[in-house]
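The form predicted alone is given below as one chain in structure tokens.
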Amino acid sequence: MAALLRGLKSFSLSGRSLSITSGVAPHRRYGLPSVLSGQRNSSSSSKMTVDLDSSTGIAMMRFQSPPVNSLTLDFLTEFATNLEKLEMDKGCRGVVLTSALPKIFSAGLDIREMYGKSPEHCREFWKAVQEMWLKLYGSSMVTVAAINGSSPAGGCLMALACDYRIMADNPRYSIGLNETQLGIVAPFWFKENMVNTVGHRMAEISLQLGLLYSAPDALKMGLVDQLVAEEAVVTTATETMAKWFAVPGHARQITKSVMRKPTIDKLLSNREDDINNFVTFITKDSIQKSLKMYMESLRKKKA
């Protein structure tokens, strides 16, 4: 055992050293720009709240960015920062991702970050998308998505990056990678995350057609792992953690890395090319036109 523990010190998951947590830290709420203990985050611009329960080692991250928890540059930056803080906290063993807004988990990437923006802004934005996924998919913590509303596109990607997905049993809620419907192509790491979850053929059909699946259909295809009553999604997520915590942490973490490291390494080794490809693609006149048409259709629906 001592040799194993020594080996763990040099073992990394997405570039971070693993650690076996011990001790109990006081209850704390994470927020930007600083970590606050025993008090509410006073930042009015916060896109989420993060509360760590020291008695369970479970952090609850609730998205609160009206109207639909869009993944803006600010949202992605705050998410990555909070997740990194939890990763370094020895009192945190797992994190539940959920929404504080009704009927929506996350509507995905904010089109306004991609439409009419400079190449430099698009580059910064896409790097933040990569960072969000790398930190979540490669986290040494147990990660559970408590999907209490619809979760298209980037919202689906965030859920896919978690270890386990629990969705509200409501046929009106949908989930999927529907990028092609917007005239956008999901990059290879979106694709591989989807393939690793539902299999190659199902992923190919889903990605080409940009399909969104109802909660029951998502369960049938393995896109989510469990359906529960809407009011029980978060409670079930915290209860599910016990099953994962029962497994020795080092064994679970190493196994997770073995399963996910090839996909993570592929993005890390091609990260700059992936950014360049995105910027070149998204700034094309034809793609900008497609985004404009989509935004106009959304405005018409609201009207």
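It should be emphasised that the depicted structure is a prediction, and the values quoted were computed from it without experimental measurement. From 1 onward, residues are counted along the sequence shown.
The same protein also has a form predicted together with a further copy of the same chain, omitted here; what follows describes it.
**Student:** Under a 4.5 Å heavy atom criterion, is residue 232 part of the interface with a further copy of the same chain in the predicted bound form?
**Tutor:** Looking in the predicted bound form, residue contacts with a further copy of the same chain do not include residue 232, since no heavy atom lies within 4.5 Å.
**Student:** Would residue 203 count as touching a further copy of the same chain in the predicted bound form under a 4.5 Å heavy atom rule?
**Tutor:** Residue 203 belongs to the contact set for a further copy of the same chain.
**Student:** Is there a non-hydrogen atom of residue 268 within 4.5 angstroms of a non-hydrogen atom of a further copy of the same chain in the predicted bound form?
**Tutor:** Result no; residue 268 lies far from a further copy of the same chain in the predicted bound form.
**Student:** So in the predicted bound form, is a further copy of the same chain close enough to residue 73 to count as touching (4.5 Å, heavy atoms)?
**Tutor:** Residue-level check for residue 73: no, no contact with a further copy of the same chain.
**Student:** Does every residue of 50, 56 and 127 put a non-hydrogen atom within 4.5 angstroms of a further copy of the same chain in the predicted bound form?
**Tutor:** Zero of three within 4.5 Å in the predicted bound form.
**Student:** Check each of 68, 275, 254, 264 and return the one that places a heavy atom within 4.5 angstroms of a further copy of the same chain in the predicted bound form.
**Tutor:** Filtering the options by heavy-atom distance leaves 254.
**Student:** Since exactly one of 227, 195, 132, 111 fits, which has a heavy atom within 4.5 Å of a further copy of the same chain in the predicted bound form?
**Tutor:** Comparing distances to a further copy of the same chain in the predicted bound form, the residue within 4.5 Å is 195.
**Student:** Quick one: find which of 147-155, 183-191, 118-126, 80-88 has residues within 4.5 Å of a further copy of the same chain in the predicted bound form by heavy atom distance.
**Tutor:** After filtering at 4.5 Å, what remains is 183-191.
**Student:** Output the sequence-ordered list of residues from 233-251 with at least one heavy atom within 4.5 Å of a further copy of the same chain in the predicted bound form.
**Tutor:** Those in contact are 243, 244, 247, 248, 250, 251.
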